[in-house]
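Before any questions on how it binds or moves, here is one chain, the form predicted alone, in structure tokens.
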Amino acid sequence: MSGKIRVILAEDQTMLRGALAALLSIEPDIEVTGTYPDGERALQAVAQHRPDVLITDIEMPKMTGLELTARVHELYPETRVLILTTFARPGYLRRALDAGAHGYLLKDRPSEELSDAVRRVSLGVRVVDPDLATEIWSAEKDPLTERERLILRRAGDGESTAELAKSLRLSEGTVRNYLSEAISKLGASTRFEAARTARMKGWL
């Protein structure tokens, strides 16, 4: 087993998680040391096993792939992160790179590109899906702050101002101010319209 690239896989869809693990395990130089259905368990596994590469989706239970990427980059920088997702949006790519990801690949790419991306990322080479690489430079800049993004995402999912204020330990007025600022920046009329717009652009 010595000399193999050790990989941890975080993917919430059970069938896809198993298929990806099987695909990678065929490669003689890659070892899948664990697969996990949510971001929190994947982070714990990285802490325990210190893999060479973490492959994660963006939409993940308990901790998003972008949050997981940022935590791994901060705490275990020797583990390189490859985002594997369906989100073909420059906004998500920009946020992934800002969070510390070394790679960003779309799930509809040919299967052999995944193992090649794992090898390159393990060597510290940045791998970006070619269809998105050129778009990122002309993409609209994300206007939201991290706090606005958090509050807008949760408000868009249906949390009330009172619920947000309680869980974030803020006053309701402060929460409303954050939401108002986000809504204004996105040129929306309501928090739900703002959340839809931000998701469409890859900012949530």
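Rigid core here is just the name for the largest C-alpha set that superposes within 1.5 Å across the two forms. Just so it is clear, the structure is predicted and the values come from calculations on it, not from any experiment. Each residue number is its position in the shown sequence, starting from 1.
Below, we refer to the form predicted in complex with another copy of the chain, which is not included among the displayed structures.
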property	result
Contact test, all of Gln13, Ile26 and Arg196, partner another copy of the chain in the model of the complex, heavy atom 4.5 Å	yes
Partner-contacting position among His73, Arg126, Lys107, Arg119 - heavy atom within 4.5 Å of another copy of the chain in the model of the complex	Lys107
4.5 Å heavy atom contact, Gly173 to another copy of the chain in the model of the complex	no
4.5 angstroms heavy atom contact with another copy of the chain in the model of the complex for Pro61	no
Ala19, heavy atom within 4.5 angstroms of another copy of the chain in the model of the complex	yes
Contact label in the model of the complex: Leu84 to another copy of the chain, heavy atom within 4.5 Å	yes
Stretch in contact, per heavy atom within 4.5 angstroms of another copy of the chain in the model of the complex, of 62 to 70, 43 to 51, 151 to 159, 164 to 172	151 to 159
C-alpha of Thr64 off by 2 Å or more between the shown form and the other one on rigid core	no
Rigid core fit then Thr161 CA moved by 2 Å or more between the shown form and the other one	yes
